[in-house]
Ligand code: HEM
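Here we start with a single chain on its own, the form predicted on its own, put down as structure tokens.
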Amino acid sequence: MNTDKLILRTRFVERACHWFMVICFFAVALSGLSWFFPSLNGLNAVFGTPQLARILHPFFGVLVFLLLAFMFTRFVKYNLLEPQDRLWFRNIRQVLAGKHEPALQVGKYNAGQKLLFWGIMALISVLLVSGVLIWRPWFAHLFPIPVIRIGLLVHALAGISLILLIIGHAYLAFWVKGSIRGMLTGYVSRRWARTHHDRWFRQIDSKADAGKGGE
């Protein structure tokens, strides 16, 4: 692939972690939905049998948490809210309409992506804690029945909320042309970067110019 006119946005280890996490989350989400909605009971076949689903669901859930924790360490510095993010919020209608004027001073991730990032990290933490409370036969016996009932309710609500956030994330990735390719190859076009993340593009461009000047 000719990368002369492209910008590296996501490194291989981050992409590999992301897609592996997607596969694991897909399995966990489907098995979880099969218990939450009786009409979807057949979804627990994602792990082979209902019995295996009961056993493997929490282990895969912990794996999803660990993968997201790794991604947190890689991306948190880009997802801290900044004063420039107010401009994105003030122009949310133009953003949703696909308009890119005026320039919104967007860094590597926009304000909406940052909120999504923190929402996903918060919900996966809630799922981990509540999941431990209800995890039989390992931990559930350590807690009284009322606590387990609350844990079941919180786990279900957090799970549904996280699934909805992930669906929203996937929809927006397809909606913004070039985003999926960027997460598959790691590269985005200079035009894409300039259009959707103008401040980040200028930062990358200035570093490239500085590097050329030092040659």
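This structure is a prediction, so every number in the text was calculated from the model and none was measured. Sequential numbering from 1, following the sequence displayed.
Another form, the form predicted in complex with the ligand, is not on view; read the next lines as being about it.
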*Location of the ligand contact in the model of the complex, chosen stretch of 50 to 58, 33 to 41, 152 to 160, 171 to 179 [non-hydrogen atom, 4.5 Å]*: 171 to 179
*Using heavy atoms and a 4.5 Å cut-off, decide whether 18, 22 and 79 all contact the ligand in the model of the complex.*
yes
*How about residue 192: is it within 4.5 Å of the ligand in the model of the complex, going by heavy atoms?*
yes
*Would residue 109 sit within 4.5 Å of the ligand in the model of the complex, counting heavy atoms only?*
yes
_Is residue 88 part of the interface with the ligand in the model of the complex - any heavy atom within 4.5 Å?_
no
*Might residue 128 be said to contact the ligand in the model of the complex, defining contact as any heavy atom within 4.5 Å?*
no
_Among the candidates 71, 140, 122, 95, the residue which, in the model of the complex, approaches the ligand to within 4.5 Å (heavy atoms)_ = 71
